[in-house]
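Below, in C-alpha cells: the form predicted alone, a single chain.
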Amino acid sequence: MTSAGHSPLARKLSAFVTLSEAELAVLERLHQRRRTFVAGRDLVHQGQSAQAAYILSVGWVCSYKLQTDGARQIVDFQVPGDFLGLRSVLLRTSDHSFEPVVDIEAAEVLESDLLDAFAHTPRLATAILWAASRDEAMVVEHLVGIGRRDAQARMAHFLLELGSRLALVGIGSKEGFDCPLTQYHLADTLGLSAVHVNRILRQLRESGLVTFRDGHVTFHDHRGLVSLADFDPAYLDQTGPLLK
C-alpha cells in the first residue's frame, strides 16, 4: 500500500477539502492496520455487530443484501478510496454484507480510532461525512435507475458512474477502466437477468457506445452514452474542494 498522503482515500477526500499535513498524519494513522482479504469471503456479514470499518486501498468489493429465499441484491460496489462498513460501526449492527470481488488490501479502522480522529480533526470528519453523503446520493441514483430507467439507460448510467468514481482516484478516465465484474454482478445490481445483461451490453457495443470485454470497459462515444443515460455527474460532487 502507498502512504496515506497518496492513498486513494486522500485523493478522494481532496475533492472536498485541501487536507493539511496534520490531517494527513491522522489519515495515516487510520491506515495502520493494513490487511489483505481473499475474493469471495465476506469481510462483514449482514447482522454482524461489534464490527470494525475498513478503508479499501486495492481491489473491488460488493455490498449486498440476501433475501430469505437466497436472492441477492447488490447495493453498490466499493472501489479504492471507499470506506467499508462505516455505517455499521456507527449503528452497531451491519444491515448488509461486504464481499471482495477480487483479492483486496484494506486498512482496518476501529470505532475508537474513528471517533478519536473525528474529535481531533473536525475538517477531516467533515470530509468523511461528505464521502458518506456522496455514497447516499449514489444509492438514490441506483434506486431511480432500477425503478424508472430502461435497461439500456440503466446500464449506461451505471458504467458512467463507475468511470467517474474511478477517475477521481486515478484509475479510470473518459476512455474507460479495468473492471473485474461479471455479468452476474451486473444482473444482481441492475435488477436484470444475466441473459438480459448480455443482450444490453451487445446492443450498446453494436451502437458504438461502449464495450465491456475481458475485464475492461472501453467508452467509444462517451458523450453519446451520457446522452443515452441522461447522466448528470453533479451528485458525485467531484468538481473541486469546497474547504481550503
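Computed from a predicted structure; not experimentally measured. Residue numbers run from 1 along the displayed sequence.
What comes next is about the form predicted together with another copy of the chain, which is not displayed.
- At a distance threshold of 4.5 angstroms between non-hydrogen atoms, residue 170 is out of contact with another copy of the chain in the model of the complex.
- Within this chain, residue 136 lines the site of another copy of the chain in the model of the complex, having a heavy atom no more than 4.5 Å away.
- The shortest heavy atom separation between residue 28 and another copy of the chain in the model of the complex exceeds 4.5 Å.
- Another copy of the chain in the model of the complex is not approached by residue 110, whose heavy atoms all lie more than 4.5 angstroms from it.
- The candidate spot formed by 89, 149 and 230 is fully in contact with another copy of the chain in the model of the complex: every one of the three has a heavy atom within 4.5 Å.
- Here the chain stands alone, but in the model of the complex its contact with another copy of the chain, taken as any heavy atom within 4.5 Å, falls in 63-71 among 201-209, 34-42, 172-180, 63-71.
- Residues of 96-122 that come within 4.5 Å of another copy of the chain in the model of the complex, judged by any heavy atom, are 111, 115, 118, 119, 122 in sequence order.
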